[in-house]
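Given next, in structure tokens, is a single chain: the form predicted on its own.
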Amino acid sequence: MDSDEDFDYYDAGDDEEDDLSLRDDADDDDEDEGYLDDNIIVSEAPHGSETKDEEVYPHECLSADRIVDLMVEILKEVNDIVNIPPTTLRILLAHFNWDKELLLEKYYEYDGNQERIFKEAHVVSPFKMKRSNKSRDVSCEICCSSCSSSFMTGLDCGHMFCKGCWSQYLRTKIMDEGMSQTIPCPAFDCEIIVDDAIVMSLISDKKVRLKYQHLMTNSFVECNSLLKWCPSPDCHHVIKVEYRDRRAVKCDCGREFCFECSESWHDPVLCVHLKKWLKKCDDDSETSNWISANTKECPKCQVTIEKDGGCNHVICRSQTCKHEFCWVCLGPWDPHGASWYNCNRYNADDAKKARDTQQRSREMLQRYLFYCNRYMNHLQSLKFEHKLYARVKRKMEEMQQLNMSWIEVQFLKKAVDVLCQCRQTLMYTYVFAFFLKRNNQLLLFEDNQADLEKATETLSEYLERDITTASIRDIKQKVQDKYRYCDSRRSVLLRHVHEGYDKEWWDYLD
């Protein structure tokens, strides 16, 4: 074992209707994909010394069917307290973003005037006398055709439409406008919401029914602060937590992400800083920085100019300007005369300001490039390291043919897991450091960062160069010692950062 492993830079001390008509045509192909070795983000349960963010964060992965069950559970809980029909209750819950406590609070706050809560949710009170149409033939308010009452239907608001018009109306709202829980009555200026029982009874097209179900479940998940869709493409699972926090959660598909912002798990950087960083990397802000650092503006017309020759006598090429100035001090060229190179004679305030602005732009660009290059380097290395899983799998099979048990060869996969964890942590440490002002705690952080980076590179080298069957016993010891050390150093670094968050050690740049 390396001698540098002996010390730390930092040592931190009801009826059938209740079962939701949405359950019909539920997603049948929602299957767990299991663990995939070639996922970009691979992270097993934390081992070694645990940091604050690596403590157990209780969460579970829900399928589409389980989401519907959860909706039914909430409906039954509320219905046990207030005797409201399930279809009406669903609309009320949707109005209050499925916050049952808020719904009950408002319901009893309006005690004696419950009509108000139903009006606000755009639903007819179930305690109100329903309008009835006793005539045999009724005229559709859309197509104006006279139909038998058996071919007509409507909401409690009393507006009646033929089933054909209803079907076309609902199809348009669902497929073209993406509406589900807030589809209004087709009548002009009527805001009464169409309940899901009406929708499911009038829509026969399986594609439309499935889209409606997905929109309803998606709306339920988006409204609930304790639920979050897995961000992986084509994954239809939802993560449910007991309380909201910036913690890592892992979907059954293998994707690990931050529950707060849905980005790949980014410890130790905060969500707000990661968002700024990704925006900075994606937009054209750094193109503007490059322009600011490598070009200057004409002092007269502010046209951007790039110097392409050695002479500092610059003539603006704008047809309406033609201003002559010195590239060094940005002052007019005339005072320079024969001593054009002696710019210290020109000390006007505007020239000094221009030079200072230019220097700041260069420094900002260099600082950004420093951290961005190291961030991108670890990101690229992380992608390359995941190719090691295929090589390691083959090597583990070879070792088992040399009379080594399956358990004995697991150290190789464990080493790659730790290597990927360290790469991912190091990648985000540069984002973290980019937003910090320099102080003693940052210097300590950089020492921990450097030690982890050095150990990670050594482990990567072992796995890429030394996986041979010739001296497997020696290699096994070296790899085990190094990945344990890497894991320890990673925990030390993260503990320091989290303690800094708790004790407000970190000063951020404006």
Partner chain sequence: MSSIAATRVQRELKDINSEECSGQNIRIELMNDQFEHLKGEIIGPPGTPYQGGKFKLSIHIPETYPFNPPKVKFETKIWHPNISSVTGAICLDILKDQWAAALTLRTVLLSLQALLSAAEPDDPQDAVVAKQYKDNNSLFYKTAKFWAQIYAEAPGPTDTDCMDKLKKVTEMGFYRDPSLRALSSNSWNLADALDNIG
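Numbering follows the first chain given and starts at 1. By rigid core we mean the largest C-alpha set that fits within 1.5 Å across both forms. On a predicted model such as this, the values are computed, not experimentally measured, just so you know.
One more form of this protein exists, namely the form predicted in complex with its partner chain; it is left out here, but the text below deals with it.
- In summary, among the residues Asp176, Asp111, Asp234, Asp308, the only one with a non-hydrogen atom within 4.5 Å of its partner chain in the model of the complex is Asp176.
- Checked against its partner chain in the model of the complex, the candidates Tyr169, Tyr107, Phe411, Trp333 yield a single residue with a heavy atom inside 4.5 Å, and that residue is Tyr169.
- Remark: Glu141 counts among the residues lining its partner chain in the model of the complex, judged by a heavy atom distance of 4.5 Å or less.
- Shown alone here, Val221 lies farther than 4.5 Å from its partner chain in the model of the complex, counting heavy atoms only.
- Taking non-hydrogen atoms only, Val303 never approaches its partner chain to within 4.5 angstroms in the model of the complex.
- Proximity of Cys157 to its partner chain in the model of the complex falls outside the 4.5 Å heavy atom cutoff.
- The chain is drawn here without its partner chain; in the model of the complex, the stretch among 185-193, 75-83, 427-435, 321-329 whose residues come within 4.5 Å of it by any heavy atom is 185-193.
- For Cys147, a C-alpha deviation of 2 angstroms or more is recorded between the shown form and the other one after rigid-core alignment.
- After superposing the rigid core, the Cα of Cys190 is displaced by 2 Å or more between the shown form and the other one.
- Comparing the forms between the shown form and the other one, the C-alpha position of Asn440 differs by less than 2 angstroms, with the core used for superposition.
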